[in-house]
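Form predicted on its own, single chain, as structure tokens, below.
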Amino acid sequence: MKFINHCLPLLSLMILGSCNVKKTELSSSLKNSYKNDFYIGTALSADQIEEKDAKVDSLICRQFNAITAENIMKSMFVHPQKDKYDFALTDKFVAFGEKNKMFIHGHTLIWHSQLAPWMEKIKDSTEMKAFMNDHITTIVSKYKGRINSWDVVNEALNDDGTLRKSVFLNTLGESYLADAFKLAAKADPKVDLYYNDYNLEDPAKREGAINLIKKIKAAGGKVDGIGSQGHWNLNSPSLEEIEKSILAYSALGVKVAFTELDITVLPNPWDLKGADVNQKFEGNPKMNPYPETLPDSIQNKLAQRYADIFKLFLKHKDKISRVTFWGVHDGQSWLNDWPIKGRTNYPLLFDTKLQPKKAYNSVMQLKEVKE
């Protein structure tokens, strides 16, 4: 595929405006090009939710029609103390989505990581049940009819498909999974409920996820979709395994979303995969080969990888509800500091100056060819 830069002048112009734009200016955008296929989303940081940078705000509004909060809805932020909730930023996040007529996704209700310290100390099953009931019911009820879908449970599986020994599993056993979905459905019967995880394309974990969804449903839990995070690299997972996963999850009668898509271009220490935020690694210069800029050869590989992935997504657009990038631009990406601090990564479609990369053009050209 030949990559061209015809989108650059228009996009440069587009970035300078506000969210109130003319329809003609919107014709060349991700959300417009894929509007008949699936939602195109992005994760918002706290600064973006507070609209501190007009240029970033404009890019978000012009290119995306779905949003996820990158961090502020996680328990350590929204429920910092047992008897205290902090909805200040969450309210702004939801208001941002409503103002700009976006699909609003809540992330996340039950997750073993980024817990408030008081939650990690819970050892008693009665206390944990009380926490889950209060936490899920309070948050989901507050945004009933305003948030379109929720990640109810996040990352409950190990890579071999077994259940992660989290504080929830240790105190409540497997029942916490179905209970979480039941509580969320009771608080808002109409909202779409997702199970979200990484490495769901790996055969062992895929089998574990399939069994997990079947068990939750059998226990009376409402599961509307599976969120596959899509923290991938230039070579893996294979398109074949991604496709097998789309088909397998869809066969369960649920929607498939790609919820945290980014593609690392950096060396993967010890063949690390996924997004276990507890893993950290010491680095060396070989682990940070592009500290200043990304070579054209790697730009081309990234563009081709995104083109191949989106071609597959389009093939199965009847099964896919949403594709969300984990960040608006490269400078925002969590991959700059994980799993090695201080690295410079280039995993998204827009660079640090908010300009579209070759990868953006490759994704856009798929729709131009079809038209």
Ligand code: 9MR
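Predicted model only: the values in this text are computed from it and were never measured. Heads up: residue numbers just count along the shown sequence, starting at 1.
Heads up, the form predicted in complex with the ligand isn't pictured, but that's what we're talking about next.
- Proximity to the ligand in the predicted complex, taken as heavy atoms within 4.5 Å, picks out 103-111 from the listed stretches 245-253, 172-180, 204-212, 103-111.
- Not one of Asp57, Phe325 and His329 places a heavy atom within 4.5 Å of the ligand in the predicted complex.
- In the predicted complex, at least one heavy atom of His231 sits within 4.5 Å of a heavy atom of the ligand.
- With a 4.5 Å cutoff on heavy atoms, Asn288 does not count as touching the ligand in the predicted complex; it lies far away.
- For the chain shown alone, Glu51 is not a contact residue for the ligand in the predicted complex, no non-hydrogen atom being within 4.5 angstroms.
- Using a 4.5 angstroms threshold between heavy atoms, Lys74 counts as touching the ligand in the predicted complex.
- Asn154 is the sole member of Gln299, Asn154, Ser166, Thr264 with a non-hydrogen atom within 4.5 Å of the ligand in the predicted complex.
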